[in-house]
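The data below hold one chain only, encoded as structure tokens and taken in the form predicted on its own.
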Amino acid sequence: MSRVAVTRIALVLAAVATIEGLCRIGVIDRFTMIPPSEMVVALARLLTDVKINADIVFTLRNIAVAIVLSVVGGFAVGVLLHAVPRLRAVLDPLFSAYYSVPTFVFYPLLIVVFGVGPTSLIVMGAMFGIVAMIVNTLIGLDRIPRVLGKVARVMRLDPWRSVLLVRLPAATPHLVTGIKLAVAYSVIGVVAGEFILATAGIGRRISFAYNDFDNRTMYGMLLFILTMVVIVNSLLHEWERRLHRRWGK
């Protein structure tokens, strides 16, 4: 394990220990936050509840579909825009300003179009993640060394083989960055959508727990989301790091 990883883990453990101590001695009252150790116990209890598990499955399924849509759709749009510079020149400023617009304002419209259900949440999550994937796809394709294109021509590769064997592998480190962002934004879009209006899901469960002053359920579910995202992001980060090392970036 690298020194950076060890330092990162040590900082996280120190922060958790500090919060635990502040909660135990009463600096942070239990009405505001329960100790992290009790969050773990609460999460373990919640995972034995059939209704909670149904909410978790509902949310994870929606997040998975949203991630697939944002990654695949973002990659396809990015490749298209890279091949059509004039269209890219028109849309580039919109991508730059995309995340300054509160995307949640479209959620009522999505409900009207798709109804109160998983489809609206999936579209919301995909809307959050797709632009990050588009932008990073464009960056990856822009930064492919020209010499690789010459190598493909020297080897007489047809366009498809050139893309699959040369251009795509060279752009992969940036594509993984796009995937990381698409995952994070998709989770935000789906869970936040469940807060606003949903028939099930982790966000809905957290919202109800917050309104009922049920800190154990609320923080237990928050810990579940945090743990899930950290694990997925850590795996993607490790993959990205190895790709950058392989390509000397």
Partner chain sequence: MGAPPAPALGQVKAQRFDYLWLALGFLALWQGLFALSGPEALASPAATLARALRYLQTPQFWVHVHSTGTAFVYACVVALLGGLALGLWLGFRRFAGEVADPILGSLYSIPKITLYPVILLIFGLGVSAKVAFGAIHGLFPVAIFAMNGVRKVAPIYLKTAHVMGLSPWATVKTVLIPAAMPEIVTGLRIGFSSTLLGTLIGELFASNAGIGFILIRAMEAHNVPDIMALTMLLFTFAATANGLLLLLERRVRHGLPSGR
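All values derive from a computational prediction rather than experimental measurement. Positions refer to the first chain, counted from 1. The term rigid core refers to the most C-alpha atoms you can superpose between the two forms while keeping them within 1.5 Å.
Just so you know, the form predicted together with its partner chain exists too; it's not on screen, but the next bit is about it.
- Taking a 4.5 Å heavy atom cutoff to its partner chain in the model of the complex, the contact residue among V147, V112, L80, V154 is V112.
- The partner is absent here, but in the model of the complex a heavy atom of L181, alone among I56, L181, A198, A42, sits within 4.5 Å of its partner chain.
- The putative spot formed by V191, I206 and V230 is fully lined by its partner chain in the model of the complex; each residue has a non-hydrogen atom within 4.5 angstroms of it.
- Just one listed stretch, out of 119-127, 67-75, 88-96, 165-173, contacts its partner chain in the model of the complex at the 4.5 Å heavy atom level, and that stretch is 88-96.
- Although the partner is absent from this view, A17 stays clear of its partner chain in the model of the complex, with no non-hydrogen atom inside 4.5 angstroms.
- Using a 4.5 Å cutoff between non-hydrogen atoms, T32 counts as a contact of its partner chain in the model of the complex.
- Contact annotation for L22: none of its heavy atoms lies within 4.5 Å of its partner chain in the model of the complex.
- Put simply, R143 is close to its partner chain in the model of the complex: some heavy atom of it is within 4.5 Å.
- Residues S207, Y210, N215, M218, Y219, L222, I225, L226, V229 are the ones in 207-229 with at least one heavy atom within 4.5 Å of its partner chain in the model of the complex, listed in sequence order.
- If you fit the rigid core between the shown form and the other one, you'll see the Cα of L226 move by less than 2 angstroms.
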